[in-house]
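Next up: just one chain, as structure tokens, the form predicted alone.
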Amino acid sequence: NNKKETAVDGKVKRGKIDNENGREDGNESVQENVLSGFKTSSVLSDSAREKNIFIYGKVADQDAVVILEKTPIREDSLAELFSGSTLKLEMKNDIYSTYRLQAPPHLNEIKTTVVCPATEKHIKKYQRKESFLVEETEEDYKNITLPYIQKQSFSVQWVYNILEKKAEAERIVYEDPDPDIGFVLLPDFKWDQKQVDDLYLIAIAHQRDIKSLRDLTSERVPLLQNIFQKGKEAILQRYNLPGSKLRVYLHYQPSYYHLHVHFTKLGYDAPGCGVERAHLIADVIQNLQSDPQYYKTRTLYFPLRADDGLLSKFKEAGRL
């Protein structure tokens, strides 16, 4: 298994992961500063809008990827932020003035993720690449996508570890143990859980034979309805956020091939929530009720990065 060290808010959480999806085992302890010896090689990508940067380099001669991300400003910290900060005037013009605000250290944290040792797949994953919109027919899925998925044998052992309580058990927000329509609900690792403005949870189905949207038929409607309803109820109870403020959807293509549903706060521009990849679960349920084979037969569109192996297969087949 790959090793992963994740530094969040100055603390380092060590854990094992099974693939590039970056799941932690949840054990937290204060460790030494693993970044003190980090040597930067290049910036893989950065976003001024999202206030994050992905850096490639080395830690103790091992390839590593460091992700730095500014955390959202929390409403409950505003009073302390205003009273405990220092201001340096930069410009004043009539009613407008701009300052450099130096916040107290504990209110000026940077969420930091360290992937080490990082594989070539990790580095490519975080590198800024051009994307292409792929048109996948029913025949394309059978002849191109499915063989590629089967040949790659993407590991989802980390998912099974969660379902079997071998990892992240303490992070589970809700569970329905029913083997047919049950699921576990837990925070996505991208969410620091300090505010609901960027709420992000994942519902993972107990069913293990559903790889993606393409495997869904009307027989799976009870499962989807159960996840949709009970997931919303659990989030309302835990985070006091009603279903009318949630975006609930599936990805196609998914980042891993085991049925999972995304719950994010409406208004939060979560990665992958765009129309070219996200499918609202309410629409999915309705489509399957109208046509049991809807996702088996329809043409689906999705983005692939220039370095994605599946994109190469579509090009080889003359489909792009």
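Every value quoted in this text rests on a predicted model; they were computed, and no experiment measured them. Counting begins at 1, following the sequence as shown.
If you look for the form predicted in complex with a small molecule, you will not find it shown, but the lines that follow are about it.
Student: Report the stretch among 195 to 203, 93 to 101, 72 to 80, 173 to 181 that approaches the small molecule in the predicted complex to within 4.5 Å, counting heavy atoms only.
Tutor: Looking at the other structure, the answer is 195 to 203.
Student: Which pick from 239, 126, 148, 141 sits with a heavy atom within 4.5 Å of the small molecule in the predicted complex?
Tutor: Spelling it out, the residue with a heavy atom inside the cut-off is 126.
Student: Hey, in the predicted complex, is residue 243 touching the small molecule, heavy atoms inside 4.5 Å?
Tutor: Close contact is absent here: in the predicted complex, residue 243 is far from the small molecule, nothing within 4.5 Å, heavy atoms only.
Student: May I ask you to check whether residue 57 falls inside a 4.5 Å heavy atom distance of the small molecule in the predicted complex?
Tutor: No, residue 57 sits far enough from the small molecule in the predicted complex that none of its heavy atoms falls within 4.5 Å.
Student: Within 4.5 Å, heavy atoms only: does residue 187 come near the small molecule in the predicted complex?
Tutor: Yes, residue 187 is a contact residue.
Student: Residue-level question: is residue 67 within 4.5 Å of the small molecule in the predicted complex, judged on heavy atoms?
Tutor: So residue 67 counts as contacting the small molecule.
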